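There is one chain below, alone, in structure tokens, taken in the form predicted on its own.
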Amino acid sequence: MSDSGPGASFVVVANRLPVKRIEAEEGSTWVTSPGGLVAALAPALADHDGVAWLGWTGDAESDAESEVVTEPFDHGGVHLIPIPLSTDERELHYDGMSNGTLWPLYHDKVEPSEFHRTWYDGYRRINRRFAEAAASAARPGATVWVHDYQLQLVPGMLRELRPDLTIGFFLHIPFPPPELFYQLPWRRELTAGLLGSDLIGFQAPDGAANFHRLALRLGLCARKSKTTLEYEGRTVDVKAFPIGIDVARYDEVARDHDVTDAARNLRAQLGQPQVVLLGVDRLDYTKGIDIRLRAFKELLAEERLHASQVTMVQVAEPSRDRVDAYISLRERVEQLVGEINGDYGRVGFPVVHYIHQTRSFDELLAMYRTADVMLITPFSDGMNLVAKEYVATRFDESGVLVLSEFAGAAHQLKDALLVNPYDIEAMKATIERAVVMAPEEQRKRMKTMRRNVKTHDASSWARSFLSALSAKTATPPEAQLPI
């Protein structure tokens, strides 16, 4: 792979840049975003010279907004290339096709998907913009890593523009069975877009197998092996690469005196309950928050749990609050919280503490340290890093993780109490079991999970993907560059 010539030798293409704008009296400034992708890619970025990252800044350009950043700039040793989106383009590409069509479809249609030609046209136009920017940013023979469902057409478009590049794609959310994916009017286009990659990565083996079956069923590929397809004279590897977290950071901060004090104070503020249950989610219909609350309410009604002994904290970070399905979910959740506290709370001591706000990193870690039982019960989830974050903070090997069978993390954290979130009776029994679990069993289970999380951290995820990508044989760039 050539490292000579202008441009970047390693290009990350993602929906968002790894920074966010902070406004202050002295002007705006850029700070590193707290997102999981940014932290997970940090080790890989440090391993490369000449790194560029393409993405949207989060600023929507409209007639009323003039200070939209479109010129590249450097931050933290990475060359950042903003991809502008107008307000209308965001509605078509992001709110529409990405989150109105693909998100619910890929999460087993927990909510119905909508199919609109105008959304797909906007999605295709923005994917073309990203692909052209990546083609301009990459030096001959560079490696390009494209991320997530918003940009599934980019690999194919980029392959046409720059066949000299080595292209990887990673999907951070689940990939559905072919039977669901077949509902898409643009199923061939999206599949062909992904097949522009040399390596397609998924969170779990099920996602990789689903895509493999889909590509064969559409007749786009020939089967080379269980993990390899042949497409237009190239081999495309299709594999699972479960994403991890920066375990050392979570473990270190969890042991900090300030976090320990904050956890102790939080338990006191909750009334020193015997058991603290915790849920930390985006307020999203895939996360199963309302079912979790229903299970808790029934356990209290049946006196299998008692409000004087057990308290629940539910953090539901705001998400897509202009979308009808999310507005409806918030109403259901808040109604359930009100019913539980109305029926079982006391003055000054609600049974459920509901927080519809974004919490800081240290605040979340204090909550993880306070929680005796962590409830992670999505109907469908690519991985769910909260599960791994909780485990990483339990340095004393206490605590119980209740985890949905349909979270990608369940493939690795088999010593969690796995549960079917569609089965409310099973959910109730599992929560009850978690509350009364003996310390010896907690330690045994948590010790095994901590070992797994440490072994499969963010650094190992990025390096394993890039190692598999670099193993792909590329035709010498001078033979492939367009004339």
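We number the residues from 1 along the sequence you see. This structure is a prediction, so every number in the text was calculated from the model and none was measured.
Another form, the form predicted in complex with a small molecule, is not on view; read the next lines as being about it.
J.: Select from the listed residues Y106, Y368, Y94, Y231 the one whose heavy atoms reach within 4.5 Å of the small molecule in the predicted bound form.
T.: For this set of options, the contacting one is Y94.
J.: Just to confirm, with a 4.5 Å cut-off on non-hydrogen atoms, which of R124, R159, R320, R90 contacts the small molecule in the predicted bound form?
T.: Going through each option in turn, the one that passes is R320.
J.: Please pick out the stretch from 177-185, 143-151, 409-417, 357-365 that is in contact with the small molecule in the predicted bound form, where contact means heavy atoms within 4.5 Å.
T.: Residues of 143-151 come within 4.5 Å of the partner.
J.: Would R129 sit within 4.5 Å of the small molecule in the predicted bound form, counting heavy atoms only?
T.: No.
J.: With the partner left out of view, is I173 within 4.5 angstroms of the small molecule in the predicted bound form by any non-hydrogen atom?
T.: Close contact exists here: in the predicted bound form, I173 approaches the small molecule to within 4.5 Å, heavy atoms only.
J.: Although the partner isn't part of this model, could you tell me whether T101 comes within 4.5 Å of the small molecule in the predicted bound form, counting any heavy atom of the residue?
T.: Contact check for T101: no, nothing within 4.5 Å of the small molecule in the predicted bound form.
J.: So, in the predicted bound form, is R282 in contact with the small molecule at a 4.5 angstroms heavy atom limit?
T.: Yes, R282 is a contact residue.
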